[in-house]
Structures are given as C-alpha cells and as structure tokens.
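Two forms, one protein chain; structure tokens for each follow separately as structure 1 and structure 2.
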Structure 1
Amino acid sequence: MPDRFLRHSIKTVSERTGLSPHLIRAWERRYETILPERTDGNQRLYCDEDIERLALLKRATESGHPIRTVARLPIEELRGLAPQLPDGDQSVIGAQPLQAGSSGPRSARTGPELVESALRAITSMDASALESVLEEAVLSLGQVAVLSHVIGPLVQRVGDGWQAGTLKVGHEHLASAVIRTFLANAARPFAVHASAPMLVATTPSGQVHEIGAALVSAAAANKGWRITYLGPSLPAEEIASAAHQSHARAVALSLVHPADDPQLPEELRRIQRLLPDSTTLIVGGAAVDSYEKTLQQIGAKVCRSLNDFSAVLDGLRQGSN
C-alpha cells in the first residue's frame, strides 16, 4: 500500500512517473489532480499515493482519456481505466490489471495526427481540447520534438486558414492564447546559467501575429538560451533598446501578416541600424519571402523552419556566425 507519510521531491516524482516537472505542475494548477504539501520554502512534497495517482493518470491519458475528464476521479476508478503495465514493470505502486473487456493502450499518435486534432479543437473553439492535444503531444514526443512536429506545423496551418478565410479572427485568438500559455509553461524547469547568450524575440511594428515569436522563444529556451520575449508589434527603437539593455546576442523577428506592408522594409532597416554591432538579426515566419530582398540587404539571417533557426543559434553559440 502507498505510504501516506513518506515525502518525495518533484524530481523524484518525475523520475518515478515519467512525467516532466512542468507537466506535473500544470496538471496540479489546471486540474487539481493532486494537492502536494509545501515546505516552509514553498517546495512541493509528494507522498507515495500522489506518485501512484500521477502514474495512473499518465497511463490513462496515454490510452486515450483526456486529462480534463479523469483528473479528479477516485484512485480506484483510475486503476480500472489505466492499461496494464508490461510484465515485470512494477514502477507504479498498487498497479491493477486490466478489467475484463477493457482495451490495451492506444498507439501514440503521430505529429500530423496531433496537428489535425488540434485544428479540430480550434475550429470548434474548444480551448480545453486544444490544451489536451498539446499535453498528449508532450507525452508522446517530448518537449523538444513537439515544437517542430506539432506546434510549428500547427502555427503554419492556423496562419494559412486565417488568410484563406477558413478560420476567423476568434479562432486565431483562441489558438494564440492557448499556444502562448503552453509555450510559456513549457520553458525549462531549471534556471539557465547567467552566462548563457540572450535572445530577444518579438515582431516588428504592424506585425500583430505573435505565435511565431513565442514559438522561437520556446525553441531557444530549450537550447539553453536566456530569453527576453517582448510580445508583438514593437517599433524599431523599442526592439533595439531591449537588445542594448539585455546585451542580446541575437534578436529574432517573426513576420506573418501582412506580406505587403510598404512600411515594413524601412522598419527592418531601422532595426538593423539601431542594433548593437554584436547582435545578430534573425527573421522567420510565413511572410519572409515577401521581404527577402530587404532582409538580404541588411544581412539578416533568414530562417524558414525551426531547423534553420536551431542551426543559426548553434552557429552563434559556437562563434561561427
């Protein structure tokens, strides 16, 4: 039986359940899955029953049950829902066998399947369903892969749908809010060293679609960069000021819409002129091709994918760019 009195750190709980510390905290905050005790220093402490409950929730969500529907079920019901562990795996205390007639675990869905599910949630204006898909994606793919295989393609599909008229402004706002919060919560659970390079991420004046900037912020954080995220649509002076004050190694801009802003080329030139000589300007997003001539003239690093962005960051950190 679980020991209700033995206490464990969140690191231990993460190791024993396979859940990241971020996801454990997110489930607590959003769904009140468990209520851990706190030390005088506000550190979480978990008992064995908490660990069993979290592990059962992980297995239930992996078998297809949305976390929002199972988060507060009694532990006896969770034992009935969760699929049986493979033979010899007794990592969950008190794990129970499958009930008669219950199905085994559902195969993990691929990135494209998860993107389609996320789009259905956005189309239905179902924020909770979108959150569940993103949480499933993290469990299936991990925090790094989910950026390039789910969120990156999803951002592109939402942008395409908005411009084609198949998605409305409300759909995009819902997607932006959920994805932005998800990316903020997915930041590294431990502090980046003070000597790590700094990245400033934003969109230039007139570019109000911010998911791309939030996405590259999360990608850079996962690569060990410190991040200053400024939100959307900032004038050149504000962007340059933030770069100077933070001693940024790079500034990342996202260009999505409009793709024919007559003011933007000069704004991009102003940003480049005002940045410190030691700061590299990185530009990506769906509209980069429309401003390619200007970007080439000012010497910006153009990224058309997260892989491109990752390669530029690696080059900067190694001093080759």
Structure 2
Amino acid sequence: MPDRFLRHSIKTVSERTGLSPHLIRAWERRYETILPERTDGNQRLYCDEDIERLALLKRATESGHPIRTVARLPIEELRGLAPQLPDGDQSVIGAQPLQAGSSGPRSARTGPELVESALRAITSMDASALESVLEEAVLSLGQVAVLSHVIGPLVQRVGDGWQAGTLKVGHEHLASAVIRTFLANAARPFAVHASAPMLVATTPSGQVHEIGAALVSAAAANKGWRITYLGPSLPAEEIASAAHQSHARAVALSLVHPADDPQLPEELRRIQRLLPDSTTLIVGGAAVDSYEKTLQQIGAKVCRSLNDFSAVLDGLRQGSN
C-alpha cells in the first residue's frame, strides 16, 4: 500500500534504488535532482515519489543518458524514458557494489538466477519470498526487462512443472496469485494524458489463464498506454462492448489453454466482427499457432513475443497520433 505520509531515510532510499548515499547526495548537490524534506537536525527525508524518481534516474543513466541531461526532467518524462532501455546488459551495469555496509549485499542477479529463486519460493509455498524475488528483479533488471526475462520464463516454467506433475495445483495457484498482483501493480497507469491510447486486455470465453493478459497490460502500461484490464474468459459481446465504452484503440487477447477449443475460432470471428473498425485486435500467447488460420482470416495482429507486441503497439501509436 502506498503511503503519502511515510518518509524514508537516505539509507532506505539507497537500498531501494541501488544508488549509494554518496551518489544521491552528489546528484542533489550538483543538479538539485530532488530536494528532500529535512528533519530538525537537517537529515534528509524522502517520500515515495522521490524514490521512484531516483530509480528512474538510475535506469536512465544506465541506458546511456548522461545524468546532467535527465536530472531535472519531470517524473512523467522519466517514466517515458524507461521503456527505451535496451534490455540486454543492465544486469551487468547494475552490479555496482554498494558500499561495504552490511545491509546491502545485493549483487545484481541475472534473469535465470532470479527465475530459479522464484521457483524455489513457489515450491516451498512462500508467497512473501516470491514477492521479494520479483521486487529484487525489478531493481536488478528494470521494470521492462523483468517482464520478458523473469515473469515470462517463470510463467512458462510453472506451466511446464504443473503439466509434468512436479508442481501441484496449489503451487500453481499461489504463483498465479502473486504474479497477477505484481503485474497489476506494474500496470497501474501513472498520471497519463487523457489522450493516451487505451488498450483493453482480456481472454476470450473458454480461455481461463489470465496471466498472459496481465503481462501484456503491464507491458503496455510501461509504454504509456492506458489499460482496461478485464480478467479472463469474456464473451465476444462483452469484449466488444467494453472496447466501445472505453474507446479502445486496441484489444489484446491472450490464448494459452486450451489449444484445441472448437468454439474459439467462431468466437474470435465474432469479436472481430463486433469491434469498431478503429480498434485493432492483437492476439498472443502460447496457443496462437493452433488458431493461426482463423487469426489470419480475420486480420488480427499476431504476436509471438513481448517484443512483437511492443512493436505492434508502437506501430498503432504512430499510425494515428
């Protein structure tokens, strides 16, 4: 839960952002990056927004922007900057040792390591450990890379483990609940312009797995879209009606399981038919190949990776902005 009243010491900020206290102070001194409140005794007190700002600045500098050019940007612009991250090597750069202090032994871990940690948390039914891993992953890799390098593979592994019987249904449910909440938080729109394009994310009737739709929501939100997230298994009429009501520029569907639903092709056709012409239908997920012919017929944009999806979003945005 957010807290408008709570203030943090510079140490906390350092741990949360991965920036050394020295550096935080240097940025303040040289660029007035942020001017935190002070205690009576002149010690700095940061609010939650300050922490986000510093985290964004860290990512911006890691992706090549010199600090002086971004230090004074308003927070919205910084958030817009973040998606431009090349999601290759921040992990290496992020591995800056913090001060020798005992509290921050965080040497940044790579995607696969984080996925393994997450799986261990899941098998031991430890929800808060799983949350911690995901949180760590955001700090290490950045908001965007986490989606494709940790969440994506993790969902895949959990699904595999479930089908192979190495994970029980309970483990899968626990993981789903935590990941879903994580993604929902990541997808929360930050003060966007009312002019930002709207994406409706859901899955069609019969498709019960919602994580794909949630993942896509988070990715789109990070690219500056507004999101209407509707959860899983919605009939064609409902999807179309929601798209109308929210003036959606695009509808994103996730198809995962089952991959052989005889009803689904007709349902997809109906969705496309009911959708306004100005609304683009985007479809992704592990099962898209099974319905490829239908998708081609109705002219839906098919995505086979989050990168595909990002590209499609960019295209739509350019198309009419």
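Just so we're on the same page, residue numbers count up from 1 along structure 1's sequence. For clarity, every value in this text was computed on a predicted model and none was experimentally measured. Note that the rigid core is defined as the largest set of C-alphas that superpose within 1.5 Å between two forms.
Matching each structure to its source, the form predicted alone turns out to be structure 1. After superposition on the rigid core, the Cα atom of Asn307 is displaced by less than 2 Å between structures 1 and 2.
Fitting the two forms on the rigid core leaves the C-alpha of Leu167 displaced by at least 2 angstroms between structures 1 and 2. Trp27 shows a C-alpha shift of 2 Å or greater between structures 1 and 2 [criterion: core-superposed Cα displacement of 2 Å].
On a core-based overlay, Glu15 has a Cα shift of 11.4 Å between structures 1 and 2. For Tyr46, the Cα deviation between structures 1 and 2 after core superposition amounts to 4.9 Å.
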